[in-house]
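A lone chain, given as structure tokens: the form predicted alone.
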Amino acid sequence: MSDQPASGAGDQRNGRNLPPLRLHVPEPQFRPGDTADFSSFEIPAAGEAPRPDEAAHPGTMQGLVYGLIRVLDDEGAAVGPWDPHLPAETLLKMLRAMALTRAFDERMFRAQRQGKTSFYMKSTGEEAVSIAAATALASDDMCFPSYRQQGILIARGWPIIDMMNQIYSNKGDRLKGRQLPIMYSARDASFFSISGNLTTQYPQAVGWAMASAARGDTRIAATWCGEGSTAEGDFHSACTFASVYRAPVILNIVNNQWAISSFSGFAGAEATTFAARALGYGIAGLRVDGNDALAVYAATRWAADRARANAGPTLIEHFTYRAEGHSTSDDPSAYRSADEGSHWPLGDPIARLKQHCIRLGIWDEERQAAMDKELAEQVRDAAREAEKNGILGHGLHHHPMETMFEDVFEDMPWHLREQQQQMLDEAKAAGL
């Protein structure tokens, strides 16, 4: 008797009678020329999401990674269990910082277009993600940002002229022209150096948080990345360490719908939410309306309290929208609908917080207009002062040549001292 399978079974086993496999390629809803329509988006009502105890087990929070924590309703009222009941002073402080960040962005964008710097990235439409979070954190909690969280520095009162000096890479730049414009570093503001390599800040933040816990300190860490960066290996290794060691860290994912030119589906948005990635790691997960400053504040404060109680890390997805180009090097009209931003259903974070403050009777349109004018003038004056230190193209001799060897080692090794001297000798011989 033959031990060969029947021909039909063999054909089936070899796939001859099966349909061909197909590769799924994600496709955005709207392309250039299309009319954007977000009516299919399921936007839960404000105040609908439950607020668990900060020490709750991650497994009990599954609904929070698929829903959307919202506090501000369509009329600007704060509703539901996540309402942080902030005093007027805090609300107006956040509103001012958000407006200052937008004014700063506008000025620096124009400066790049005028050839005063090589590069800039705006955070228009995402101001609440950084400013409300920074307000909810302690001033000395360590922040490990991505490249669109300039609002953290502004919320912490960092001088905007110092930020401008860095953007211009001029003689006032504390980083001495070594970093790409907008990649700030401010140790005194507990603001870790921004890196152009995506998501390196995630394992750095987790490691810092672990060290803080090992020392018995009280400071926690928070880090931010875009939704596209969750596909990086560093994101997943950071989640593993954070989960295993219950690191006191907040892992923020800014889901602004678009990477440079690819939509969030390429990072997995078609399959599930980004907050749902917390489930597989046993981490608490929250999905938040990123254009609702009160919701961002409340979720961040909840996560910070959880971390300080040694209950472990929290992953927060901020559901928002990148209103403008990825950077000054990008033209979004080449890959997305021109009117997409105007149809975004969650509105503008500054307008929504302003509406809330007006509803409370602590603000009005006249004071908003006066503040916007004041901030525009403040940014203009700071830019003029920064430009006195130099701008792009003014000889590029803003820092002595020998500084390229400095600030790497506490004590410069002998071989670098030799190389530095050789460079200076050759420069002198060449008349430089």
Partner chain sequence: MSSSLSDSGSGGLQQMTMIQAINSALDVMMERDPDVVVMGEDVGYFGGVFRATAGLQKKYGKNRVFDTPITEIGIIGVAIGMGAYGLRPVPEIQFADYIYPALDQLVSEAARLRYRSAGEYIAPLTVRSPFGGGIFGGQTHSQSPEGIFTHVSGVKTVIPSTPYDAKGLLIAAIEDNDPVIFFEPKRIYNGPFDGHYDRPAKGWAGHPGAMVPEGHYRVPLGQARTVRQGEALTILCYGTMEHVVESTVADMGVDAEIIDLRTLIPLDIEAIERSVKKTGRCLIVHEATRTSGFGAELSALVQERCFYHLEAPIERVTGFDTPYPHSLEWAYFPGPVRIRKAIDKIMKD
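It should be emphasised that the depicted structure is a prediction, and the values quoted were computed from it without experimental measurement. Positions refer to the first chain, counted from 1.
There is another form of the same protein, the form predicted in complex with its partner chain; it is not shown, and what comes next is about it.
- When contacts are defined as a non-hydrogen atom within 4.5 Å, none of 56, 360 and 367 contacts its partner chain in the predicted complex.
- Partner contacts here mean any heavy atom within 4.5 Å of its partner chain in the predicted complex, and among 125-133, 307-315, 186-194, 343-351 they occur only in 186-194.
- Checking 84, 203, 80, 325 for any heavy atom within 4.5 Å of its partner chain in the predicted complex turns up a single hit: 203.
- For the candidate set 138, 88, 214, 271, a heavy atom within 4.5 Å of its partner chain in the predicted complex is found for exactly one residue, namely 214.
- For the chain shown alone, residue 385 is not a contact residue for its partner chain in the predicted complex, no non-hydrogen atom being within 4.5 angstroms.
- Among residues of the shown chain, residue 18 is not one whose heavy atoms approach its partner chain to within 4.5 Å in the predicted complex.
- At the 4.5 Å threshold, heavy atoms of residue 404 reach its partner chain in the predicted complex.
- Contact annotation for residue 233: at least one heavy atom lies within 4.5 Å of its partner chain in the predicted complex.
- Heavy atoms closer than or equal to 4.5 Å to its partner chain in the predicted complex belong, across 128-154, to one residue only: 142.
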